[in-house]
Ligand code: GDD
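Just the one chain here, the form predicted on its own, laid out as C-alpha cells.
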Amino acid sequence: MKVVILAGGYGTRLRPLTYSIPKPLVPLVGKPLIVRMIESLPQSVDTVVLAVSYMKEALEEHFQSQPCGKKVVVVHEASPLGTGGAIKNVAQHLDETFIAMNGDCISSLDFRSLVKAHRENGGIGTIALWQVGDPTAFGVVELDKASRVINFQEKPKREDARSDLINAGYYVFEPEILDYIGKGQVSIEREVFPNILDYGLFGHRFTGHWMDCGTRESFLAAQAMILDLEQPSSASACEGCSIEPPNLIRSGAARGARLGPHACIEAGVAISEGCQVSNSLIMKGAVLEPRCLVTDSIIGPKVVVAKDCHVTESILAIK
C-alpha cells in the first residue's frame, strides 16, 4: 500500500527555524517529525510519497543517508498546490487504494482500522475524525447514522457548529478520487469533498491523542505529550544538575543547571552553570551561557544564548 504525505508548506509558523531546516526534519523527541509519522504506519505500507515544495534536496539527502525501512519517493511541487493539488501532482504513483495524510500531525490513529472501515464502507474515501470541545478553529464534519459525510463547515461559530468532529488530516482514497481533482492549486477539503458526497465519503472516529505540530506552541505541546507517554531514558552527562523528568537529554555538557520538565536537549549542546531549561527544545551545537532561562522555546542549531538572557515563548535560529 502507498501513503502520500502532504508536506508542501514552507513551515512559516516555525520561522526562523525553518529558514534553514524543513519542518518535516525538525526533531520531535529525538526523531525528525516526518520519521515519527512514517514509523506510525502499518507494515502493509511499502512506499511513502512525499509531496514537497520547499527544501526538497534536504529531505532527499536525509532518506538517502538514513533509510526508514520503506521506499521513499520525494515529488517536487514548483509552488505549493494545496492538499488536493499535491495529491493530483503525484497521481502517477497512485494506482490502487491509498492513504493520504497531512505532514504535521501526530496522533494515535490506528491506520489498519481506518483502512478496514474504508473497505467496509465501500465509498470513494474515508476521513479520520477527531472529537474536540471547541470546533471553531477547524473544519467540522457532520455524519449521518451510517457514518456517511453529509455536511462540511469551515471554522463555524460555536453556536452554528453541526458537529464536534473535525477533519484530523488522515484519509483513505480510491484512485478514482483523482478524477475529481483539478490541476493547479486545489484544496481537497473545500473544493473536492463537497462535490463527491454522492460517491460515498465516510467518516471514521478515533480516540487517544491527536495534535497539529505546525506552531511553536503545538510543537512543544506534542513534545511534552510524547515525553509523558514514552518516558525516554536520558544520558547522564550532567554534573551537579537538578533534573525534573520527563526529558530527553542527549550526550553533551551541562553543569549546575536545572533541566526539565519536558526538555529535549540534543547531542553537542553546552549548558552552563545556573541555567534553567523547561518545556523547550535545544538543538545540536547550541550554547547556553551562564544563568540563562529558557522556557516554552525552541533554540536552533549552533545558537548562542548570551549569559543572563531570558528566552520565553520564542524561536531562536541562525538564518
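When you see a residue number, it is the position in the sequence shown, counting from 1. From a predicted model like this one, the values you see are computed outputs, not experimental measurements.
The next section is about a form of this same protein that is not shown, the form predicted together with this ligand.
Against this ligand in the model of the complex, the set A7, V52 and C105 is in full contact: each member has a heavy atom within 4.5 Å.
Among heavy atoms of Y171, some come within 4.5 Å of this ligand in the model of the complex. Among heavy atoms of G139, some come within 4.5 Å of this ligand in the model of the complex. When contacts are judged by a 4.5 Å heavy atom cut-off, L220 does not count as touching this ligand in the model of the complex. Taking the partner from elsewhere, T83 is found to have a heavy atom lying within 4.5 Å of this ligand in the model of the complex.
Proximity to this ligand in the model of the complex, defined as a heavy atom within 4.5 Å, singles out one entry of K183, R148, K155, K71, which is K155. With the partner left out here, this ligand still marks one of 108-116, 222-230, 209-217, 194-202 in the model of the complex; by a 4.5 Å heavy atom cut-off that stretch is 209-217.
Interface residues of 115-132, taken as those with a heavy atom within 4.5 Å of this ligand in the model of the complex (partner not displayed), are absent.
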